[in-house]
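The chain that follows stands alone, in the form predicted on its own, written as structure tokens.
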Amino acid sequence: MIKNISNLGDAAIYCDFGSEVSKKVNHEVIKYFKTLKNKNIKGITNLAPSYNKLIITFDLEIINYKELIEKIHDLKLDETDWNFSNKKIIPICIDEEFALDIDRVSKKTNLNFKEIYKNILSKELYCYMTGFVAGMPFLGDTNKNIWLKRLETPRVKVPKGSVGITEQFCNIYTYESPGGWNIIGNTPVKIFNKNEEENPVLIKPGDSVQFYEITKKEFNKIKE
């Protein structure tokens, strides 16, 4: 349930579902996101869900703040559209070429390499949101014994496909970009495909993700 709605500039509103980061709260965010998307309300130009927030931008020439708030308060959530059981199986190569920060992770968590990867590979992760760069999934909730902070000095370039961990989350870099997450591997699978106009994002909010280990030879074969 929405706790509060406030202005975010002249043509956007900020729907706050509370401070908690959990599947239960995130499900509520996604329910509103999906329902509003399906309703196709005139004047709404973009919907951006996050862990526990939903940002709605709108065209002031079509709809104003007051009218939009009234529509949200009157909104009847579409029960039939709620699906949180979509599971994606994603390969990850943990060759030393790709596991850029595994030594740091081991030192910070006091776990050996085998224990670190067991924590990742045995856990079904949940996609809370996508963002930062196009299609990048933010996956939680990792086991607490591998929680650690970002790099003290972020990288200028993180390779595309890199799998990183920070605090309770794991992510996949969909493009080469700056970043400070702890990189533990790489996937050859294209998580975001800009050429797929209708469905460019492989992992969406509400999906679950299970990683499985592949060799470098398998990585190169899939990549090709």
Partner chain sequence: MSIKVIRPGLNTTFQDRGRSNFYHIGIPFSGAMDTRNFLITNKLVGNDLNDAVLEFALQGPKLKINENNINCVVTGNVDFTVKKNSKIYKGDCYKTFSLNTDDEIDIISTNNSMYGYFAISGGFKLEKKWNSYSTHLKSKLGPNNGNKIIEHDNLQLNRNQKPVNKKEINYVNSKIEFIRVIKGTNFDYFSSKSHKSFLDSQYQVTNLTDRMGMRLEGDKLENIKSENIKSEGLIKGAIQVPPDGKPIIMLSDHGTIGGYPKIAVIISADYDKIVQLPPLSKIKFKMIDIKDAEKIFRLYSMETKNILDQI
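Numbering follows the first chain given and starts at 1. It should be emphasised that the depicted structure is a prediction, and the values quoted were computed from it without experimental measurement.
Keep in mind the form predicted in complex with the partner chain is missing from the figure; the text below concerns it.
Report task. Spell it out for me: taking the partner chain in the predicted complex, does every residue among Ala12, Ser50 and Lys194 have a heavy atom no farther than 4.5 Å from it? Result -> Heavy-atom distance to the partner chain in the predicted complex: all three under 4.5 Å.
Report task. State the residue from Leu121, Leu111, Leu77, Ala134 whose non-hydrogen atoms include one within 4.5 Å of the partner chain in the predicted complex. Result -> Contact check passes for Ala134.
Query raised in the report: Pick from 53-61, 24-32, 157-165, 182-190: which stretch has non-hydrogen atoms within 4.5 Å of the partner chain in the predicted complex?
Result: Heavy atoms within 4.5 Å of the partner chain in the predicted complex occur in 53-61.
Requested in this report: Answer for Ile222 alone: is it within 4.5 Å of the partner chain in the predicted complex, judged on heavy atom distances?
Outcome: Because no heavy atom of Ile222 falls inside 4.5 Å of the partner chain in the predicted complex, the answer is no.
Query raised in the report: With the partner left out of view, is Val209 within 4.5 angstroms of the partner chain in the predicted complex by any non-hydrogen atom?
Result: So Val209 does not count as contacting the partner chain.
Query raised in the report: Is there a heavy atom of Thr45 lying 4.5 Å or less from a heavy atom of the partner chain in the predicted complex?
Result: So Thr45 counts as contacting the partner chain.
Report task. Answer for Ile2 alone: is it within 4.5 Å of the partner chain in the predicted complex, judged on heavy atom distances? Result -> Contact with the partner chain, no.
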